[in-house]
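Only one chain is shown below, in structure tokens, and it's the form predicted alone.
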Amino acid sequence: MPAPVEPPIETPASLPEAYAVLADSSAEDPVTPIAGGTDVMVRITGEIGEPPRRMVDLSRLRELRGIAVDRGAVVLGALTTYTEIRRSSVCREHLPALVEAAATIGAGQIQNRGTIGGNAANASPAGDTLPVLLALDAAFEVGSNRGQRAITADAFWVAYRRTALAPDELILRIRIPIGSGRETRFRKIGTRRAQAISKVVLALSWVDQDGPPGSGRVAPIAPTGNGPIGTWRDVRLALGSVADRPIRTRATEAVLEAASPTPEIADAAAEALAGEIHPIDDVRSTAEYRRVVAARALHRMIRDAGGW
């Protein structure tokens, strides 16, 4: 293993101070923000990518902490940890799929330190929370000395480990809409059940057009195959570890839009997904494995939603 470097690090006590440090950042001479440090530590040792040249520690910035409900959305401060997400009554009530995703990341030590903002900014295509944020139509509120702006999750990840953030910008908070009766399911496939980097990760989200107002719950069919079943609208299917970034699978979404979770629709959606994605071979898995398993996982998610 290469000898670790010791890049200079600054620890601002306020957001304006952090902005001032980042104002000197550029693509040629970047300043790397650090929160929990669970991703950047492997860069410091030279195991993944280039070691950071300079760092800014955001851990003292209280402005970037907290979980709240505001104007029809759950708002997560960028420094919210996975443990805080798991323990949050707000997240358990409104964002159970995100809670489930947070529980799959590393061990307790990682969950205590790793942050939702760091997971998003790191932009790994295998980031477990990223497909959930995509499927939930999250928006990133970012800021710099130049002001603040919002970036939708659909536009945030632009290439392998690259985001739409400018060099001088920070993620401040993540806003996730709620209250539309939306149902979301999460599935991660890895080498083992815990402390594994995903081979495939999926988040499937929809609104039940025929369910009770605001319920978002699909009425399960009876074991005999008879009974009420919902019609889905505003379907979103997001995947990680199958491309250079987290992606929405629009062709497969189109198969599920205005459909019901029946065996025939599950077959059609799984076939569409297998043909839509173009995974890569790497040290964790093969392209063919990812293609087959992603389709089967989606098939199972639809079957579970339909109750058959």
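All figures in this text were calculated on a predicted structure; none of them were measured in a lab. Note that residue numbering begins at 1 and tracks the sequence as displayed.
Another form, the form predicted together with a small molecule, is not on view; read the next lines as being about it.
Contact check at 4.5 Å (heavy atoms) against the small molecule in the predicted bound form: all three of Ile105, Arg113 and Ile197 pass. Only one segment in the set 87-95, 144-152, 232-240, 121-129 has any non-hydrogen atom within 4.5 angstroms of the small molecule in the predicted bound form, and it is 121-129. Residue contact with the small molecule in the predicted bound form: Pro33 places a heavy atom within 4.5 Å of it.
Arg43 belongs to the set of residues with a heavy atom inside 4.5 Å of the small molecule in the predicted bound form. Although the partner is absent from this view, Asp208 stays clear of the small molecule in the predicted bound form, with no non-hydrogen atom inside 4.5 angstroms. Looking at Ala78, you'd find a heavy atom of it within 4.5 angstroms of the small molecule in the predicted bound form.
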